[in-house]
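Below you will find one chain, with nothing else, as structure tokens; this is the form predicted alone, and questions on how it binds or moves follow later.
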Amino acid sequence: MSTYKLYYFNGRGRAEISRLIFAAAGQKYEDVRFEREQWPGHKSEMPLGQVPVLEVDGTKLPQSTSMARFLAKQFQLAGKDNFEQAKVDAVVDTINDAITKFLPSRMEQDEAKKQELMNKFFADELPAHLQQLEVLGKLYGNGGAFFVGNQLTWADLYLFEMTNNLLQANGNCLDKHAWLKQNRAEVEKQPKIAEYIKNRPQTPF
């Protein structure tokens, strides 16, 4: 049986999708969390000098999306066949498009500029991305509340984590997207996910 270690900072960030996959699968792993002041002493241990990194049986794998896709395939959360996996990947890529647009406002240090960027993102950019995600959910979900094949995949977990961050910044951003709200509710109802969310460390990001 394989052993897994996940390296990241003490936050959700880009590692949380992998943690959610581990939780959904009921798979044990070592969750290594660096405080900021510890990181310089470990940076050289990582293949690309960055985290998150997933270590599988002693070999380190970088890049958060590659890590999550691998884990989803390991634990049957990636789709039942190659075409279902492609549909899941299409949803994930669409989520990543939204994240790419959101990050500049998330990372901005100047508070006035940050608010300006946030307002523009939520008013002018996010609605189109959410509409695209609803289109894919209705196209591939077989009439159910999950994105692909009427069963939980890592696309559902990824949307759940991404929208957690969005809702922290704007609690009304999903009000016009009933399908996405139902998708989130179905993810939250999964017993292993509910247990994980209840017990995970409370962190600022």
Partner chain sequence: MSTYKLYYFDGRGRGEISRLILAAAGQKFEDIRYQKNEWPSHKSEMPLGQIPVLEIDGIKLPQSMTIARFLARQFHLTGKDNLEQAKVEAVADTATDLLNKFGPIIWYQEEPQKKASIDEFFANELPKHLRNLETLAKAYNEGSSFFVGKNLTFADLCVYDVLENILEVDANILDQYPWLKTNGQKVAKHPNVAIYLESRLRTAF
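Residue numbers count along the first chain shown, from 1. Everything quoted here is computed from the prediction, not taken from an experiment.
We do not show the form predicted in complex with its partner chain, though everything after this point is about it.
Exactly one listed residue, out of Arg33, Lys138, Lys60, His42, brings a non-hydrogen atom to within 4.5 Å of its partner chain in the predicted bound form: Lys60.
Checked against its partner chain in the predicted bound form, the residues Lys113, Lys80, Lys73, Arg106 give one hit for a heavy atom within 4.5 Å, which is Lys73. Partner contact region in the predicted bound form: 45-53, out of 174-182, 23-31, 45-53, 145-153, criterion any non-hydrogen atom within 4.5 Å of its partner chain. At a distance threshold of 4.5 angstroms between non-hydrogen atoms, Gln85 is in contact with its partner chain in the predicted bound form. In the predicted bound form, its partner chain sits beyond 4.5 Å of every heavy atom of Gln168. Contact between Asn119 and its partner chain in the predicted bound form is not found at the 4.5 Å heavy atom cutoff. Its partner chain is not drawn, but in the predicted bound form it has no heavy atom within 4.5 Å of Ile99. For the stretch 89-110, the set of residues having any non-hydrogen atom within 4.5 angstroms of its partner chain in the predicted bound form comprises Asp89, Ala90, Asp93, Thr94, Asp97, in sequence order.
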